[in-house]
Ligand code: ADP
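As structure tokens, one chain now follows by itself in the form predicted alone.
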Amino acid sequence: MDYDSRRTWDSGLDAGSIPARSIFTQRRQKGVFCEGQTVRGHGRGYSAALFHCKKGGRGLQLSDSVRKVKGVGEKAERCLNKLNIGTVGDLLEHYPRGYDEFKPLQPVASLREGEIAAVEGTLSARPQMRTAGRLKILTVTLQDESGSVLVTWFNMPFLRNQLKMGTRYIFRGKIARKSGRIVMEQPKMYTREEYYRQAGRLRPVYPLTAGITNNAVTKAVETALKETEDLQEYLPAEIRKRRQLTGYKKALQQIHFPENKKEMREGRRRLVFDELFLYSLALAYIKKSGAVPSSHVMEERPEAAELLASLPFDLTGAQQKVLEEIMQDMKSGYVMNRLVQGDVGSGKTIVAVLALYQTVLNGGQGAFMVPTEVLASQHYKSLCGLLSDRGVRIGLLTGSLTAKQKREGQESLAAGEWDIVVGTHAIIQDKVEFANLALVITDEQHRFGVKQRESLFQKGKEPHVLAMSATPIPRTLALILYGDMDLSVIDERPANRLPIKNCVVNTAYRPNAYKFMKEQIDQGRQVYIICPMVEESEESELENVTIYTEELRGIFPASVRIDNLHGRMKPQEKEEIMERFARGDTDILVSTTVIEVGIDVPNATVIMIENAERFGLAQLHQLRGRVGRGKEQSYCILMTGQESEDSRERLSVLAESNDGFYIAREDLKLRGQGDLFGIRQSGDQIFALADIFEDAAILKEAGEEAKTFTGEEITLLYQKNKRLRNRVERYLGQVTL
């Protein structure tokens, strides 16, 4: 487009009319005006238009490089790329992880642990500086009419000379409790004018990476929203009307820069519906093709029964039922496409092993794809221990192998010298070929996109597909979310697993918790401490985790080996740290929720989750599942910083039950639409915004809408609606119509 319509008057040319465009084009070609100049077009019959000549003759497009956004330079582009933001469309779908709301100033006496608050007062003592390891800690005491609060900054010594006795300050920061005293940590300073200018506003807080600030991302998103041209509506009008959904462009504005909470919820609801509708529509298209004949018809072999009889434990009734369902699928003559859903510790892996063994006995190859290298190594060792003595040849293929190791592994697979390969995404690389792939298994399948699973499927000739998930999704939701798959559920725990003992405590219990951890470590056990990313603005999870780690090193003896893990680390570094913990070379692992999936350490018997009230119950249950994986008694300590009635009710559900499906149902009842301002940090998500627990009602609506389309209607809809098609293909990456 060569012009922008900005305003109209009572007479003259219509901004969109052919005469108006002709006049504009002619005048620009004759050099009547140049870039940035505004001109008024005159004519008869319609209304006049104000045109604005723009550089390049077009605004931003969703497919444009993010570098085209004003203010995004080379350095910012590199940082955004690390956040998987390569295009303008990616930037606009980089949604806030929360919102920073400036509330009225509070008296010191009303401060509560765990909240972010602002207070006004004067310094009652001179600033003090001390060191703790590599940290420089600056402290002052701020006093108002109701009391005093200790204020602390880490590694900001320059503030010492800026803070003056008797001067009034407004400090805003997170409230914690240390040694029985309320403390404000790492606050920002404001003048009265600055603070009241922010009061009542919701400021977006984005996921960040080192080298770029929240302010920089905010400005880039703001610019992109204003200048992107192809933000046209793509959702059919009848659906928008039926489900009372706001427009797409308006929803983007509301999610990034809402005027209030109501507006944010309205925008979020529309965008969540989009994600779930597009996903459901793609699944409906995949499923419409119906049953696919398979060239791999399995027979039950006696050797599999011998392996089962040799195990040092008996399968539960649920495991036996699921194994029978899998064998019926593989004997049917049609491709199996089954999801096995089992709670943490329910014994899904041995079911997968038995299915792989049946596949090898029938002359086929099996592939077992998992999300992390540590988990791949653990499964590889387990398979070798169970099957190597039975003549099964097992290989490992991961990204960290040398080029020579990868090449040799690929050659072994292609030649049929490996019966089973266990690996990460490395399995689906273009160079990887199979001699006779007959069974594909993906563990923690929600960690892989449909495109990735499809890539593995295409390595064979109609291989059977078995996906496994430990996410305890209620059956009604699972049937919608995994609408293209048959569903099996393992809802019993193995008899040799002791139930985890749970307790919900406040921060006053912390010294006792540390003492208990030390006792467990002295007995040769290991400990997780989950440190949630709760800081605001540009504060990073790196600082949060490393500061906590330094504090622990000052509390525990030097003999206790403490390590930390967070999402800012490079993948190889994460794998090395988890591998050290898996080997027993680390006693305490301080981590964000990156350990939610992908590490199995039977020797770990204690997990303490800080600020447990900030998590959904389903995620807490997943985290708790990192312990209780061995024969020893395990413990989960839920440390809460806010003792509200709501948080006590929610956490009591977790404390009283280890049943993930029960917890998921209760979570839905208690949360409803959930705390939309809570910080989400569970690592890779299926969706950018949608949460199958929080958004169960929207998921149901989206699934119902998708089911109303026949296969021909979906194809026609996609062909007519390029924007919708691009959305699905960009989102799922595999649907070609």
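The model shown is predicted, which means the values in this text are computed figures rather than measured ones. When you see a residue number, it is the position in the sequence shown, counting from 1.
One more form of this protein exists, namely the form predicted in complex with this ligand; it is left out here, but the text below deals with it.
Colleague: Even though this ligand is not shown here, does it sit in the model of the complex so that Ser346, Ile350 and Arg629 each have a heavy atom within 4.5 Å?
Modeller: Checking in the model of the complex: Ser346, Ile350 and Arg629 are all within 4.5 Å of this ligand.
Colleague: Looking at Pro157, Gly333, Pro602, Gly247 here, can you tell me which has any non-hydrogen atom within 4.5 angstroms of this ligand in the model of the complex?
Modeller: Answer to the contact question: Pro602.
Colleague: If you check Gln162, Thr191, Asn496, Asn512 against this ligand in the model of the complex, which one has a heavy atom within 4.5 Å?
Modeller: Filtering the options by heavy-atom distance leaves Asn496.
Colleague: Please identify, from 576 to 584, 315 to 323, 170 to 178, 112 to 120, the stretch that has a heavy atom within 4.5 Å of this ligand in the model of the complex.
Modeller: Result for this chain: 315 to 323.
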